[in-house]
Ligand SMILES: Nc1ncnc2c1ncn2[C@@H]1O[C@H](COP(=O)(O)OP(=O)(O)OP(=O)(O)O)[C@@H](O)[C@H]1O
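Presented below, as structure tokens, is a lone chain in the form predicted alone.
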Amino acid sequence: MSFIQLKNIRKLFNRTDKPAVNHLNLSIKQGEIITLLGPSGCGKTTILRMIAGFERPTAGSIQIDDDIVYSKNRFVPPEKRGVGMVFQDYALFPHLTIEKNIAFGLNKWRRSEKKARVAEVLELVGLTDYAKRYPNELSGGQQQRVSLARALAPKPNVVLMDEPFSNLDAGLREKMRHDIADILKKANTTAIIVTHDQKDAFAVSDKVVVMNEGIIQQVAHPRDIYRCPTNCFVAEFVGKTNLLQGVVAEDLKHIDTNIGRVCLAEKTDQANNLKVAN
């Protein structure tokens, strides 16, 4: 059963422009880590902002945990959606200690419960010994963990992460991919991550949503995205690819090309010319 559902989402910033997001349908299960992958301007951050409630869709509906948070006749404000946000620049408060940064969204909790929850998420992200420090005393990777801990602290329905690895150097970036995935899985948290880097997407995701010009191109497990891209855009975007022009054979299971017959990963229903990724 879907935990988050986006139905026929369309977003126009200007009536004369092309839609930033067009007829998008997406279902996400509870506990899944989903990555929106695509080039700059493809609409992935706009989708994240619409789920968070920072932008209103032009059309469609958004459902989170059986609650319609957006439709033609309903709009639930961001603070009531149960959404945790991890921003690209971490957005930590420099004048607050790490534990006070994490506790910032727990104002309505009892003091004892707040203290216990802060200790719990600090342990989850491996920063128990850094509770009394300030953000400028931490490395980039540690600051990212604090930002994630702050997002997880109120026990949100979903955590949204916008380009979470873009500010890290190559060595730390690779480590943090695995660390973030482990933290999210231990917390059993549904997460939606935005990135333009296929290495980030493939390392952390249960499913990858490849987008181009506001339209979903393919939704699949990272391995399937790489091995069986659904079209030329996906094939070229996720890796170095050779494209062969061919014609579908009568059995709809093979493509006849200039270098011979190629077997398809699965039977096609397109009895016309295709390009095959190899």
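We number the residues from 1 along the sequence you see. Since we're looking at a predicted model, the values are computed, not measured.
A second form of this protein, the form predicted together with this ligand, is not displayed here; the remarks below concern that form.
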- Heavy atom to heavy atom, is Pro229 within 4.5 Å of this ligand in the model of the complex? no
- Is Asn242 one of the residues lying within 4.5 Å of this ligand in the model of the complex, judged by heavy atom distances? no
- Query: Closest heavy atom of Asp200 to this ligand in the model of the complex, within 4.5 Å or not?
  - Reply: no
- Query: At the 4.5 Å heavy atom threshold, is His196 in contact with this ligand in the model of the complex?
  - Reply: yes
- Message: Looking at 32 to 40, 217 to 225, 57 to 65, 244 to 252, which stretch has residues with any non-hydrogen atom within 4.5 Å of this ligand in the model of the complex?
- Response: 32 to 40
- Can you work out whether this ligand is within 4.5 angstroms of a heavy atom in all three of Phe93, Gln144 and Asp179 in the model of the complex? no
- Item | Neighbours of this ligand in the model of the complex among 43 to 73 [non-hydrogen atom within 4.5 angstroms] | Gly43, Lys44, Thr45, Thr46
